[in-house]
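There is one chain below, alone, in structure tokens, taken in the form predicted alone.
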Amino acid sequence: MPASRPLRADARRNREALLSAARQAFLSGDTDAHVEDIARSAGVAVGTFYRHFETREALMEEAYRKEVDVLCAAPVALLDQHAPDEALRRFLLLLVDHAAVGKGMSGVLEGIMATDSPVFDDARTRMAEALSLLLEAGSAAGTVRDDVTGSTLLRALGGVCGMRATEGWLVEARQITALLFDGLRHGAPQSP
């Protein structure tokens, strides 16, 4: 719901509580959580829900967007704390974990995909940009190869995370991601 002015502190808390309650409901597997249940869990009235979100789908879209915001802010912090190759490795694992979050929200996310929402295109673009930042930093440091783009790497991870329907997929996805990371380091230009 677009706001023309900043929310008051209590309204902001209510909005965050609704987003948190929705995220928890869907991650726990309650993909059919009703608006009333989400509002009750957030400690607000249903009317408060509708002041912030027109529909349940609008709430889920915003919850997913917030997940992506947190994820895509990580590379800068990782680069501040780690060498570029280690920052990339950690971010790749964060992307795998993000896919696990998506698995918990998959039923709801499928509903969003059925609309004309740009949320997934935006998420893919932002994730590819985050990967490009890390790849460029690693290439400049001479620790990762310079012939792979963020989009290509995201596509490869999409294949890895596409196994979500199988039992034990997360362990395997992390192992495959480690192999992928090793491949990114092989053939890295030597630093000057």
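The structure displayed is predicted, hence computed values, not measured ones. Throughout, we count residues from 1 along the sequence that is shown.
Keep in mind that the form predicted in complex with the DNA is missing from the display, and what follows is about it.
The partner is absent here; in the model of the complex, the one residue of 160, 44, 135, 154 having a heavy atom within 4.5 Å of the DNA is 44. Checked against the DNA in the model of the complex, the residues 65, 56, 126, 145 give one hit for a heavy atom within 4.5 Å, which is 56. The stretch from 127 to 135, 65 to 73, 145 to 153, 46 to 54 that comes within 4.5 Å of the DNA in the model of the complex, counting heavy atoms only, is 46 to 54. Although the DNA is omitted here, in the model of the complex all of 7, 10 and 33 have a heavy atom within 4.5 Å of it. Although the partner is absent here, residue 14 lies within 4.5 Å of the DNA in the model of the complex, judged by heavy atoms. Cα of residue 71 to Cα of residue 11: at least 3 Å longer in the model of the complex than in the shown structure. Panel note: the distance between the CA atoms of residue 57 and residue 126 is smaller in the model of the complex than in this form, the difference being 3 Å or more.
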